[in-house]
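In the block that follows, a single chain appears as structure tokens, in the form predicted alone.
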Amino acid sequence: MKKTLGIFGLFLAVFISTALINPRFVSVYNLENLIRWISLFGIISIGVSFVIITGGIDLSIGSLIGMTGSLTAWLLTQRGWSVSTTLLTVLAVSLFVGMAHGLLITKLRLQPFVVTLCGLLLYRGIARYITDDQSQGFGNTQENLRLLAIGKVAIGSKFSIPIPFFILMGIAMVASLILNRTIWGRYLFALGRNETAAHYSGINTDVMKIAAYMTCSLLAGIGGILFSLDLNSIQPSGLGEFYELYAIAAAVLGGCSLRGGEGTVLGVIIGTAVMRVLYNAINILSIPTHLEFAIIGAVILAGVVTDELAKRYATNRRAIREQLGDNPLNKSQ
């Protein structure tokens, strides 16, 4: 909870300072746009948090988004498939990718970094091959489907909430329920804290890892569909590029430990909000865009360093209290 409050404080600091410098930041148009992008990135960040909680990593998310987004547009417009068949096929492909990652990592004992790095290259190449490296679009024939990404629900007469926000909330509630209220969630945390102990306690660690990677890839596939619908004009070579870094950074900033065994869905969403608010602030405040990655990287580093120092301070204080409590002289006094 302390981590979540800390990252929420950082979010408020960036949000309020940007709003004070440039009031356009809190305009209705900008806030609606900001909520939509937080929602889209939040979906894939929740997915990668499942993998990080187990102590793994997935570097293929961005390329998988590019492949599923391109595949969605290609099947609908070039192959003439129905909406339901296309969506089911794309989601099935996403699940298959996650299962393949999990099997390679658990059965062949390959490193997650290597497996997903290969996936990063492979899925980008597949996206470019199936589309002949040509731009894909939905045109005017899929306006109803595009409402999933660009639709809004009016709140009052002036403000609307984008539909992706409600999709994010639904996914977040299910993910939070799994992690906090089910035995499988406890297994995931146990696996991340100590895989050997989890294995000897009777947990099928291989199945849990495969499930985590399938969850990550499924949410990346959903993200790929929504990102492609939002953009409407898709470049197979560019859709989703570096998105895996944003997702991993948001998860880590939101309290997920790369060592595994830690993380909350709420923290991940707030971490995503911090990332997108920073990105938006850079544009609103007319900061040179070539400094974007430098500024975001510096803020993430500062947040992670602060969290690590606070954790060490708390650990040292706990150790000192335990030593004082075990001291016979202190007990006699």
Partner chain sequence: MIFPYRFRAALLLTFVALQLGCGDKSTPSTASTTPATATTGGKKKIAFITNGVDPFWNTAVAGVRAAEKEFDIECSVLMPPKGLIDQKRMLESLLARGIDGIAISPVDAKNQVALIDEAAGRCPVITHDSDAPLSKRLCFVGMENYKAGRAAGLLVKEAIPNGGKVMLFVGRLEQLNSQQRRQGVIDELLDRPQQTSDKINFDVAGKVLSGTKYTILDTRTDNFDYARAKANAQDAMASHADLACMVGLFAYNAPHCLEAAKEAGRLGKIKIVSFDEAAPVLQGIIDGHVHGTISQQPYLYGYHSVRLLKSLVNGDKSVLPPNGFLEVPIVEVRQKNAQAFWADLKKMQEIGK
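Computed from a prediction, not measured in an experiment: that's the story for all the values here. Numbering follows the first chain given and starts at 1.
The same protein has a further form, the form predicted together with the partner chain, not shown here; the description that follows concerns it.
The partner is absent here; in the predicted complex, the one residue of Ile161, Ile150, Leu91, Leu103 having a heavy atom within 4.5 Å of the partner chain is Ile150. Checking Val265, Ile284, Ile53, Ile57 against the partner chain in the predicted complex, a heavy atom within 4.5 Å turns up for just one residue: Ile284.
With the partner left out here, the partner chain still marks one of 66-74, 45-53, 265-273, 32-40 in the predicted complex; by a 4.5 Å heavy atom cut-off that stretch is 32-40.
Within this chain, Asn22 lines the site of the partner chain in the predicted complex, having a heavy atom no more than 4.5 Å away.
Contact annotation for Tyr129: none of its heavy atoms lies within 4.5 Å of the partner chain in the predicted complex. Although the partner is absent here, Thr289 lies within 4.5 Å of the partner chain in the predicted complex, judged by heavy atoms. In the predicted complex, the partner chain sits within 4.5 Å of a heavy atom belonging to Leu120.
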